[in-house]
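Heads up, the chain below is alone and in the form predicted on its own; it's given as C-alpha cells.
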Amino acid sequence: MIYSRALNEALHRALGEDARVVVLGEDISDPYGGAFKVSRGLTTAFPDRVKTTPVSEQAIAGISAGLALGGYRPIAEVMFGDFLSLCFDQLLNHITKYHAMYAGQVTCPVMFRAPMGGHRGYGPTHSQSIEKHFLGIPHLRVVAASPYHEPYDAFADFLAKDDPVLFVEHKLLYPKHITAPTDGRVGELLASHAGSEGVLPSVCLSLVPREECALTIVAYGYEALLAASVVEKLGMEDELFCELVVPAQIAPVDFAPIDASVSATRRLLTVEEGTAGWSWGDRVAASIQRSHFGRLAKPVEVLASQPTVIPGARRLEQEMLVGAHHIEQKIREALS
C-alpha cells in the first residue's frame, strides 16, 4: 500500500474508532480531498466531524485548540508545512502551555499534520523542512512519518496521550510503498524495533548484524529511505556495513536505540533534509559526543542541507538539498 493511502485509511480508522476525533483543513472536502489527497473520502464518511476551513492557518490552529480544550481530539491538516509558521504562536504560547498554566486541570491534545520537504521543484516557500524550529518546545512531541512505521501507530499514540503532536510527512513519501518490518526484514535488510517504553519505537536496519557494522546512521522521514538505499548499495558493492536507525519520534529524542548502536560501531552520522546550523542532527551529535566521550573512533558527522533559500530551479534544488549521493559521500568520509 502506498503511504498516502495508508494515511487515509488510518484517518478513517481513527474517526471510526474514536468519537472525539475531528479533522480540519483547507480544501479537504470531497471530491478534492486535500492538496495531496490524503483526506479523500473523509467528509463523505464523517460529514459532522470533518470540516473544510477558510484559508487561515491561524484560524485552524485556534479552532483546534478550542476543540481540544472542549474534550475533542482535533487533527489539523496544514496544506504545506511551510505555513506552520502561521501556527507557531498558537503552538508555542497556547496549545503546549495550557496543561501547565492551569495546574493540570485541562489538556490540549491537537495533532498538526504537515507535508514537508522538497525535491519537487515547488520553490522557496513550498519546499522547506522547518520542523527544527519546533524541536525543544516543552510538551510538544514531534513525530516523523517514515515508510518503516505504520501511520496508524502515530494516530493511536496521539489518541492514547494528552500531548500535542506535530506529525511531519515528507511529500515524497506519499507515493512510496509502506515497507514496515515483517519477519525481521525489510527487503534485503535485517530489521528490528528498539526504543524506550512509552515512545514510538525506532526501526534499525542493516545488511549484517550490528556487531559487524562500522557506522551508525540516524535519519528520519524521506532521508531514511534514501539512507537505506545507500546502506544496501555500499554493503553489497563495497562491503561497507552500516546500521541505520530510523526514529519515529524526533522530539523529545529517544536516545536508547542510538546509544545501543553507537556503542557497537563507535561512529555516528546524522542525516536530515532541514538546513544545517542549529539543527536536529546538531542536537543528537552533541548528546552522543557527551555520553560516549572518549569511546568514539571519530567525531560525529552531521549531514544537512545547505543553509540557504531553496531555489526554484530543479537542478539548483538538487544541489542544495541532501540527496543519496551526498549521503554516500558522507558515509565514505566517515569510514575513511
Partner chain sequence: MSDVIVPTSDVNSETGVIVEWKFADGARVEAGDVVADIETSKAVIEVPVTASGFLLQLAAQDAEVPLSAPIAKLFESTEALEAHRAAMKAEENAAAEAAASAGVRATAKAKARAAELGVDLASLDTSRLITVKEVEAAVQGAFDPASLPAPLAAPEDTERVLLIGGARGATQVIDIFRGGTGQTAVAIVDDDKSKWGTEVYGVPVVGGSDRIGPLFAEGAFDAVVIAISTSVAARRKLRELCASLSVPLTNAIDKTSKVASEVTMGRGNVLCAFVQIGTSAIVGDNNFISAYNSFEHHNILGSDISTGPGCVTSSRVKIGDRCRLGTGIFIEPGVELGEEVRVASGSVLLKSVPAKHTVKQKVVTTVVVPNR
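Positions refer to the first chain, counted from 1. Just so it is clear, the model here is predicted, and its values are computed rather than measured.
Form predicted together with the partner chain: not shown, discussed below.
*Asks:* Which of 132-140, 99-107, 182-190, 70-78 has heavy atoms within 4.5 Å of the partner chain in the model of the complex?
*Replies:* Of the options, only 182-190 has residues within 4.5 Å of the partner.
*Asks:* Each of G281, D282 and L303 near the partner chain in the model of the complex, meaning some heavy atom within 4.5 Å?
*Replies:* None of them does, since no heavy atom lies within 4.5 Å of the partner.
*Asks:* Though the partner chain is not shown, can you say which of P115, P147, G235, P201 has a heavy atom within 4.5 Å of it in the model of the complex?
*Replies:* Selected option: G235.
*Asks:* Select from the listed residues A45, A35, L296, A276 the one whose heavy atoms reach within 4.5 Å of the partner chain in the model of the complex.
*Replies:* Among A45, A35, L296, A276, a heavy atom within 4.5 Å of the partner chain in the model of the complex occurs only for A35.
*Asks:* Is L335 a contact residue for the partner chain in the model of the complex, using a 4.5 Å heavy atom cut-off?
*Replies:* Result no; L335 lies far from the partner chain in the model of the complex.
*Asks:* Even though the partner chain is not shown here, does F241 get within 4.5 Å of it in the model of the complex, heavy atoms only?
*Replies:* Yes, F241 is a contact residue.
*Asks:* With a cut-off of 4.5 Å between heavy atoms, is S4 one of the residues that contacts the partner chain in the model of the complex?
*Replies:* Residue-level check for S4: yes, a contact with the partner chain.
*Asks:* Answer for V208 alone: is it within 4.5 Å of the partner chain in the model of the complex, judged on heavy atom distances?
*Replies:* So V208 counts as contacting the partner chain.
*Asks:* Mind listing which residues of 106-145 have a heavy atom within 4.5 Å of the partner chain in the model of the complex?
*Replies:* The stretch touches the partner through R120, Y122.
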